[in-house]
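In structure tokens, the next block holds one chain alone, the form predicted alone.
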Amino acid sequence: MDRKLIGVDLGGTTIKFAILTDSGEVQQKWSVETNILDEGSHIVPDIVESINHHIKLYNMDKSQFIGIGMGTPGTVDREKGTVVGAYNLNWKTVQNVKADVEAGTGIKFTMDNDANVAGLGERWKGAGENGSDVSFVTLGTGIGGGLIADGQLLHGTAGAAGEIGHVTVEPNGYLCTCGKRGCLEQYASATGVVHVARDMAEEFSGDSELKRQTDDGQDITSKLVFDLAKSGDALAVRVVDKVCYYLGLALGNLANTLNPESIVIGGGVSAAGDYLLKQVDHYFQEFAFTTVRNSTSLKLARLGNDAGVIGAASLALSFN
């Protein structure tokens, strides 16, 4: 019988699910809204209900499944199968996710941090091309990372390995939600790009559509900044250059430390595509030393929204 995997990508607004073959081919996909009410107490029952419902719907048998893997925000204790501090889910206290999902579905369950899991997905089926040394950086509303070295995901002593968003790129710079200053996240995430744009607009005196929209109090997005830069807007070009400088600096230092085959860039901001990649690479070449420069390459992520479920499912291969 064909053995299957279930991948779950738990986010603040939606929970994505997929059923995959053990070689990573997605066969079914669906999603449900994340109900974060009542301290997030509906989330795990909703996951259990949705998995059970779809196994029945597709006339499948639980014995076909090797296991369920999940990516989640917050701090994960992989041994105990618990999550704590996932504030966007209203999970303030310790959640016994593994015990509850296994009891509710009768299928083995394992989980990891969401950025780690997306990194595993890109490494297995995406731009990482199943390399044994791959770093993944996701540029979304925040910045996360997943580091794979010698084929193993790096977790660190407190599970905080790969927190690339909190690498300092500007000492005494913007205040971060983490409490320290100058974190990459404050400059190169979707919200960071807007912050940089607003600050640079104040000092810019030339002709610029971006400056006009900022001065008018219009809603500025990172997509708008990149689109205007691509069309040659003088201020937007400067903003993108600054953002790419910070990214190139952080990724150059990451590469000098780990020397991965590739650093894969994903998340919403990476939709700017080759325009972003070329400029980040320009600074990356400046900040990576020779051996690293010649052996580590920057790549755009390929899996888009599927990276999470694919990487999550790959966690369950450990049960095979």
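Each residue number is its position in the shown sequence, starting from 1. Please read these numbers as outputs of a predicted model, since none were measured by experiment.
Heads up, the form predicted together with a further copy of the same chain isn't pictured, but that's what we're talking about next.
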Q. In terms of non-hydrogen atoms within 4.5 angstroms, which of the given stretches 254 to 262, 26 to 34, 60 to 68, 269 to 277 touches a further copy of the same chain in the predicted bound form?
A. 254 to 262
Q. Taking a further copy of the same chain in the predicted bound form as the reference, which of 204, 124, 245, 226 has a non-hydrogen atom within 4.5 Å?
A. 245
Q.
Quick check on this chain: which one of 154, 175, 94, 99 has a heavy atom within 4.5 Å of a further copy of the same chain in the predicted bound form?
A. 154
Q. Quick one: in the predicted bound form, does every one of 161, 168 and 287 get a heavy atom within 4.5 Å of a further copy of the same chain?
A. yes
**Q.** 4.5 Å heavy atom contact, residue 210 and a further copy of the same chain in the predicted bound form
**A.** no
Q) If you check in the predicted bound form, is residue 133 within 4.5 Å of a further copy of the same chain, heavy atoms only? A) yes
Q) Can residue 52 be called a contact residue for a further copy of the same chain in the predicted bound form at 4.5 Å between heavy atoms? A) no
Q: Considering only heavy atoms, tell me if residue 48 and a further copy of the same chain come within 4.5 Å of each other in the predicted bound form.
A: no
Q | in the predicted bound form: members of 29 to 62 within 4.5 Å of a further copy of the same chain, any heavy atom | A | none
